[in-house]
Every structure is written in C-alpha cells, then in structure tokens.
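What follows is one chain in structure tokens, specifically the form predicted on its own.
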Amino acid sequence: MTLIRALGILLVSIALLAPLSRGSPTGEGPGMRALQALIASAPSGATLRVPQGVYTGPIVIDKPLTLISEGAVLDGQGQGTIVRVTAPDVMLKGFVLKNSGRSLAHEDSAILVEAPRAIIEENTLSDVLFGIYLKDAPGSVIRRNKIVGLDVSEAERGDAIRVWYSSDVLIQENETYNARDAIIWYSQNVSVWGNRFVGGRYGIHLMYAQEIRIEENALLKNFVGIYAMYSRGVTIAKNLSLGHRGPSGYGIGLKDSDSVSVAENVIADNSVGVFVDNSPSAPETPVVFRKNLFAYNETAVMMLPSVRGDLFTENSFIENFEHVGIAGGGQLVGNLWERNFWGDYLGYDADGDGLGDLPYKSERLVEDLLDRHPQMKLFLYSPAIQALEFAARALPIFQPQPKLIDPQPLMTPVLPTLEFARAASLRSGMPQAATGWLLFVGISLIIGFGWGVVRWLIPHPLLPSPSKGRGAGGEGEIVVRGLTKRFGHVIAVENLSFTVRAGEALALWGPNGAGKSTVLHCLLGLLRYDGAIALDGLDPHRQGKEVRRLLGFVPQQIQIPDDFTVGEALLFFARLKGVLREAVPPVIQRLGLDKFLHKRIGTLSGGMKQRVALAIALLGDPPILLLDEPTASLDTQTRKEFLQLLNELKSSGKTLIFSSHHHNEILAVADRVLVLEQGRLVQIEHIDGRGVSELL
C-alpha cells in the first residue's frame, strides 16, 4: 500500500505541475493552485522539488515539508503575504519571492513563519515589505538569503528580518538592502553571524532580548548599525560598522542594557561610533569594550553623564574628531579607561614596556564646547573651530576639566583580529582567513585622509581635496636619524640613520628578522620609535595628518575579499583615503586596469593583484612609495612587468623604499642598498653596474 500511495502522489504531482512548466509565463491561476494542491497531497516529511516557472501567491505550508526550488519564482502580485508557514520542520530553499503586499497594518511579508524549526535558506526576496518574519518560531534558521526592500520612503518600509518571540534562532550569511530593520525582540539565544546589512534604518535592533551573539557582520550605511535596548547578555564581536549617518548615526548604540561585551570590532566613519545610555543599569552587570578600533568617527564614544560601570581597555582611538563626548555636557565618573591607544597622545615610553609613562588626558576645549552646545557641529570643519583649537593649545588657561584619564595608555594600536572576509562580504568565494585584509584596511585607514572624517561613500562638501598637485605638495625626501625600535627586550632596529633623496629608489636588504618591515612600519607611522624621522621635513608623530598624504604603501600580498571587483576595491580605498572620485580614472589608465574593472579580485592572477595594490597606493598621487616584498609571490615574467612599472614611477619622480630578497629587483630598480642585519646597518652600497652578489 505504501508503494501504491507513493506512486499515486508522484502521478498527481506530474499531472499538476506539467501544465505549469509549459504554460503561462505568469503562472496565474493554475500555477498557484497546482503548487498548493501539491503541498496538500504530499505526505508529512516529503521533499518537493518545484520546477521552473512563476507561481502566484499566497502559498500556505501547513505540514512538515521540504520545498526546494529548481528555478521557481513566487510572485505575490502586490497582495498580502506570499508564503505562510504554519507547521513545524519546514524548509524553503532556493526560491525567488517578489511583490508582497504593502500593508504595514497587516505586516505583509515574503515569508511568514508561525511554527518551530523552520529553515529558510538561499532565497532571493525583492520588492517585499517585510522579508522573513519569525513569529513564535523557535529553533529556526535564516541562512544565505538576499533581501531587498521596497523602493519607498523609510516610513513606508518593513523589516528585512523580524524575529518575534522566537528563541534559539540562527541568522547566518544573509544580505539585506534598503529595508527598515533586522529586529530581534522578546527572544533569547539568537546568533547573528556573518551577515551584511546595508542601507537600512537599524542594521540590527534588539529589544528585550537575552543571550544574543552578533559576530562577524558587516553593517554599512544604515542610520544605526546595532542598537541594543533593554537587553541582557549581549556579545557584539568582530563586526565591521561603517558609514552610519542620518538622524542618529550610531555605529553601535546601547540603552538600558546589561552584561554587554563589545570586542574586536572595526567602528569607523560614523557620526558616533558608540552611544551609551544607562548601560549597565546595575554595577554587577558591566559593559566591557575591548580591542575595538575606533577610526575617523566624528565622535568615537558618546556617553550620557549618568553612565557608570563601563570598562574600556585595549581599544585603539585613531583620527576621530572627538574620541569621547559627553551628551549634554557634565562629567564622566564611575567608568574605567585602561591601556587604550590614543592617536593624539604626546607622551613617551622611556622604559620600553609599551605603555606611556604619562597619563592620557582628554581635555580639548573644542570637544567640551561641542558636548555642551551640539549646535556648534554646524561649524565642525570651519576655520572658526580650527582657530578655537589653536587658541586652546597656545593658551592652556582655556583648557577644560579632563573628561577622562587613562593612566597607562598603549604606545601602539591594537588591531582587531577579524576574519574580515566574512564580515566584509558574504557572497561566494570568500577567503576564510583574512588577517592580512584587516591589516591592509588598517594601514589604509591610518595613512589615509588625515583631517576630519573619512567619507565612506559620500564625500563631505566642506572637506578640501587631499591631492593637490604633485604628492599633495610634497617632494619626497626622507631623513632618518638614530631610528631605534624595541619590542620589549628585543631590539628590532638599532640606531639606524640614512637619507633618501627625492626621486631615488632605496632597497632594504637582509635576512628574515633583519628589521626591514619594522623600518617600513615606522616610516608609515604604525609604530612608536626612538630617534627621528622626517618626510619632506614633517615628523610622522607630530604632523601625522600631513605626512600620511605623502605615502603610498604596497604590502607583500594584497588581501582584499575575493568578491570585490577591481573597480569596487579602488573606489573603496579612494574614499578611505579621501581621494575624489575623479582622481581614480587616471590611476586606472596609468596601470592598465581599464579592462579589469569588473573582474572579481578572486579571479585575478598574483601579478594583477599586486598591480591593484600599487594602484591603491598611488591614489592621491603620493610622492613616496613604500613596498614590503611586493614581488615575493610573483613568477619571473610577472615580476619583470611589475619592476618595469616601478621604474616608470621612479622616472616620473616618485621616491621608492622597498624590501626584497631578489637580486635582480635590486639591480633593476634600486639606486642604493641598505644592508641590515639584526636591526643594524651593516653597509650602504650604490648600484653601479656590478652584480648585487658581488656587493653583498
């Protein structure tokens, strides 16, 4: 009987679906009825493969089933919810769903789940009000879906993902665009991992949620990245939160939330990096910020003066207009600031333990005025603000009470150790380990546009262009005197002195551990050091903003997510460095990348990837290029082509400093060689036609 019943179901399925596969392209009428009838006739637990075609909604799945699309489109035709799941243990995989209804009152959705343990996987949703809605659906999985909201005003949009009274849920590797929020309300034990939230109101919004983990997500250009309200036991770790502007502009917001850990996130180019309001609500449930990178925010951390019980440790504050602000003025008390890196710290480290010997004090007059009078932000980038800042430094009598004191600040920044690829993009082909990508982004942030705030996608109209004339006004001379760098008791570079004339190419030669990369990182301003460095007469520590406009950096191996196109990568870094869009095409033409703009990084050869890295370094036309073993992974022919590019750049007047293990590179490019051994200069040799092996 079981076999006869199964054969009967198969015949019914063929009969019902056959007209659809060769019938009307809209799938009107019979298409919807055929799919609903197939669901009705299938036994619980069956797997239904839905053939190609357009099926009209609404569809109701009222028994445990697995529906797998083979090219099926579910069209709601602008009416109500497209698919409603009322039974447990349902899987919906691989469908295209479009055109839900538009009633906010009825919460019209692409997929509404009202039963436990649903798996909603690899679907594409477009022109939908609410995307995937879990309503009392514990134990469900929302994975690898792409959700695009309606092209309507913010007030008329629904949520891309809504988790309502649904605990033990996994939200993994989804992409959402132009929807309202991704909501997790009245739920617990929810993991939000590896997603991409772009162009919404709140990227992720928690309300009355407990034990929530938000990890390795990319939150880009929303009004707010993550907002946790009235929640407890929240972990926010290894996320990328960039470009949040609008009415609030918070990268991360906390309100009345307890036992929160915010760790190893990159929080950059936001109006406010982190906003803290009454979190924690009790001293026994602290909020801890550890190893986060705050870069290029207007205000990195904004706190209400009533906040108590927050701990900030091992965070890096780099090039924020205001590192810490107090909403409405007043004083911050009852919070701990321990061993953070502050980009504007002017102290020293005499004992070499990596900690400043003087406390860091946040006491800028302009910051104090902005905290007390937020309307003054209208003049944020005006000469008036600069004049106030100058007066406060020249006449310390105007200095306000310090907002915070960090007794032992770090001397070098701590970069988060993210698997950056999963956070930056969630399409296929992403590399699994991308520490190098993070380092490359970190270096680009640090050597990029130094004044004000990096504009993630929208340049600020009041910001001057950093690329004026050749190398932003620089000539490219480098002078190093007595450079010494210690890592604890290890001396990486010892009493190194040299001069590089403008337009000269200098090679750093030596075995692994000789100090070559350390020298380059000191020149980049990434490391604190003893001695003196001057680039066109500018000190990298005291005049870092000006110095960073003079430098381009090419790492040994570029680490950009494979799914970026060449064009996307160039525009990404141009905006990080504050370079105007119109300055990008000349670099593309100069390096012959015109035909590769739409190629994915993951499809490029090693040589072409290094060409892209060189193009990124040339954005802004810096007069100085620093290259760390740039051809180490290239084959012989590709290495030749890359060296030819370097020679052309040298001929155009660029100053080059590069490290290399290859004799022919030094012969082909360098004018002089610095031979290093265990951090010490052994000798300086000129290239005059003799072989390198004879010289060294």
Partner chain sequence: MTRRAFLVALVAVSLSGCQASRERPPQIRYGRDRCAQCGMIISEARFAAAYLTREGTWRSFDDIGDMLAFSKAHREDVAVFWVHDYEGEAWLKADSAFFVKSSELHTPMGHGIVALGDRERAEQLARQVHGSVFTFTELLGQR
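Residue numbers count along the first chain shown, from 1. Keep in mind it's a predicted model, so treat the numbers as computed, not measured.
The same protein also has a form predicted in complex with the partner chain, omitted here; what follows describes it.
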Problem - Distance check, residue 248 to the partner chain in the predicted complex, heavy atom within 4.5 Å - result: yes
Practice task
Indicate whether residue 350 is a 4.5 Å heavy atom neighbour of the partner chain in the predicted complex.
Solution key: no
Practice task
Please check if residue 498 has a heavy atom lying within 4.5 Å of any heavy atom of the partner chain in the predicted complex.
Solution key: no
Exercise for the section: Give a yes or no for residue 162: in the predicted complex, does one of its heavy atoms lie within 4.5 Å of a heavy atom belonging to the partner chain? Expected result: yes
Completion exercise
Heavy atom within 4.5 Å of the partner chain in the predicted complex, from candidates 337, 360, 133, 95, belongs to 133
Handout entry: in the predicted complex, the residue from 229, 404, 411, 326 that sits within 4.5 Å of the partner chain by heavy atoms
Key = 229
Completion exercise
With a 4.5 Å heavy atom cut-off to the partner chain in the predicted complex, the contacting stretch among 114-122, 162-170, 68-76, 582-590 is 162-170
Fill in the blank from the handout: Within 154-184, the residues having any heavy atom within 4.5 Å of the partner chain in the predicted complex are 154, 155, 162, 164, 180
